[in-house]
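This document starts with one chain, in the form predicted alone, laid out as structure tokens.
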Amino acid sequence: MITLQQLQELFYTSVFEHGSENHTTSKLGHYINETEGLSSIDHFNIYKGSITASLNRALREIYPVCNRLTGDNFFNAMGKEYMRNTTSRSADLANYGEDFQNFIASFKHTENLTYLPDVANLEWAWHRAFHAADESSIDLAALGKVPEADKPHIVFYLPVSASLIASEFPIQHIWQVNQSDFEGDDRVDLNEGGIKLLVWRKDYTMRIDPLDDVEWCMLKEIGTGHTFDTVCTHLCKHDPVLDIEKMLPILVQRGWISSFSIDD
């Protein structure tokens, strides 16, 4: 007698194994009723095809630039291999493919596409920002009323949609020339240099903002969730001449800091 858990594990393994005549699929057939004109394996393969097609479609929609860079056939094959090696941990299809970047980095057939994992990282950040919760801008009036004694204990927060990305490749340029509405010269020199980016959503507008080294360091440090006093201490160790009091209002004005709290 097979247990429910064993049956579920057998079903899962059968969906993502290679071929339709493998051992687990054949074994699963004993637990599926046949109908006129369709064997138990035929019934299962219909379901298997629907599942794999849905997951592959989800990956193509989240990673359209990676799909375009590799071509449909290659991307579909890569997606199927990803499915076989990665278990979904969420019932929400919008969360599928979060670690696709890491899979691409370890996939032997993309080892010459050294920029592709970082492009995937950018696309996931875009997807994440698009689906992030809405939020209002920082309350400047409330910030201005914080007592002087409490200011060192302020904790600033990046937008909930924000992702900080650094790459040694020009991934923003790669992303731009592979948009469906792009017009112009689509050539990209991989040696043109790396880039640091903040990917986020401002109201209903998606943004990919390039950052200089100062902006990057400040946002990375603020993103740790430390108090402003600790943030300043760490930043001063990194760059003793950094004018934090001058830079902070700029970050706020650009919307890169969305809220704050007081750490008790």
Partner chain sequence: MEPILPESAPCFMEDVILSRFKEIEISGAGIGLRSQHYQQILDNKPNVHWFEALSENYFGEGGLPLYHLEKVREHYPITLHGVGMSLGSATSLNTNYLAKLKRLVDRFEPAYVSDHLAWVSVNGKYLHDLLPLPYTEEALTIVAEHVIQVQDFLGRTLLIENPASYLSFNNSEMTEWEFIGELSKKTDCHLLIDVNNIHVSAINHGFSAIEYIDAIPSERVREIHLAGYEDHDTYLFDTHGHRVHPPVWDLYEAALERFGPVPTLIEWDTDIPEFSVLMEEAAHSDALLEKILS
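Positions refer to the first chain, counted from 1. What you see is a predicted model, and the numbers here were worked out from it, not measured in a lab. Between two forms, the rigid core is defined as the largest C-alpha subset superposing within 1.5 Å.
Another form, the form predicted in complex with its partner chain, is not on view; read the next lines as being about it.
- The listed set V177, L164, V146, A132 contains one residue whose heavy atoms approach its partner chain in the predicted complex to within 4.5 Å, identified as A132.
- For the marked spot (A142, L158 and L235), a heavy atom within 4.5 Å of its partner chain in the predicted complex is absent from each of the three residues.
- Partner contact region in the predicted complex: 43-51, out of 66-74, 217-225, 43-51, 235-243, criterion any non-hydrogen atom within 4.5 Å of its partner chain.
- Although the partner is absent here, E111 is not a contact residue: none of its heavy atoms lies within 4.5 angstroms of its partner chain in the predicted complex.
- Shown alone here, R201 lies within 4.5 Å of its partner chain in the predicted complex, counting heavy atoms only.
- Although the partner is absent from this view, R89 contacts its partner chain in the predicted complex, with a non-hydrogen atom inside 4.5 angstroms.
- Proximity of G37 to its partner chain in the predicted complex: non-hydrogen atoms within 4.5 Å are present.
- A movement of the C-alpha atom of Y31 reaching 2 angstroms or beyond is seen between the shown form and the other one when the two forms are aligned on their rigid core.
- After superposing the rigid core, the C-alpha of L10 moves by 2 Å or more between the shown form and the other one.
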